[in-house]
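Given as structure tokens, the chain that follows is alone and in the form predicted on its own.
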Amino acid sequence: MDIPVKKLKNGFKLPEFGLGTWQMGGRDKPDTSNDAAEIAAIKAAIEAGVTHIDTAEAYGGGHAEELVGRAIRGINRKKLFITSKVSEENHTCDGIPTSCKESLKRLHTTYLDLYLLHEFSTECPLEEAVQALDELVDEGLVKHIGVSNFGKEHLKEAQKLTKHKIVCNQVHYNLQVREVEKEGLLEYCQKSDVMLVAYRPVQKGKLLEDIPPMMQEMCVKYQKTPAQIAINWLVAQKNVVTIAKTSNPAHLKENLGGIGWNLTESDVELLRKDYPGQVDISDLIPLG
């Protein structure tokens, strides 16, 4: 399928749905026990139309990037959009270019479409980090730069320090986890021409347990599953796209059924207001 693409005013484009790779190839350290299945899952996603693949040097101690690199061999690189992230401890003038080049080696590619600071660092100066990102763009190793898990004020600070536009902020956001709304980050991104990339759109499956009545009613109304309603609730919003990790072909097919259509604006707002069990702070990585 052709996945719809969202475009910022500055011209930056990103598909509404992308494949996440967190826990592919291990958590914090490499785990090669499931390599064949993970590579097959990445290939299956690409064959199904997914072009945005999100990874990070921290995932599986770099092994997730290696799996992506192996999965995309033989595929026209220009048809893919690959994002990676540099870990917090490497947010320095020397650390960022070193990390980027190591990521490129593992991915078997000469450039990244998007490179992100993985989270706000309290140890490394932000000015050094964004300067290093700017230089990577100037060198042609990175096409676009962004951040991940940044709160509104830190995003503003980063924007003031960089000469190249910060095009996105990747954050934990779904029907239950509403920190980006409570903090004003969602509204700020929408007004400031920044893409908000939401990860964990179904909260690792928790949103599919004990389906609340309002969700059941919408599933009937739209003839969609709870996962599809949850994903569409995100992408129906201005400047919001999402990524999800799945190694299951059936789950991938279901997830893709969450795009290509839109909830009504009134239903988006109804879910925003009344969806039960909302929390104001991420239980994974609170905004920095």
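Just count from 1 along the sequence shown to find any residue number. No experiment lies behind these values; they were computed from the predicted model shown.
Only in words, not in the display: the form predicted in complex with a small molecule, which the text now covers.
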Quiz item: Tell me, which of 107, 202, 82, 86 has a heavy atom within 4.5 angstroms of the small molecule in the model of the complex?
Solution: 202
Quiz item: Here the chain is shown alone; which of 236, 58, 42, 243 has a heavy atom within 4.5 Å of the small molecule in the model of the complex?
Solution: 243
Quiz item: Counting only heavy atoms and a 4.5 Å cut-off, does the small molecule in the model of the complex sit next to every one of 157, 159 and 163?
Solution: no
Quiz item: Just to confirm, residue 263 within 4.5 Å of the small molecule in the model of the complex by heavy atoms?
Solution: no
Quiz prompt | Exercise: residue 8 in contact with the small molecule in the model of the complex, heavy atom 4.5 Å | solution = no
Quiz item: Could you tell me if residue 227 has a non-hydrogen atom within 4.5 Å of the small molecule in the model of the complex?
Solution: yes
Quiz item: Do residue 275 and the small molecule share at least one heavy atom pair within 4.5 Å in the model of the complex?
Solution: no
Quiz item: Tell me which of 216-224, 252-260, 66-74, 43-51 has residues with heavy atoms within 4.5 angstroms of the small molecule in the model of the complex?
Solution: 252-260
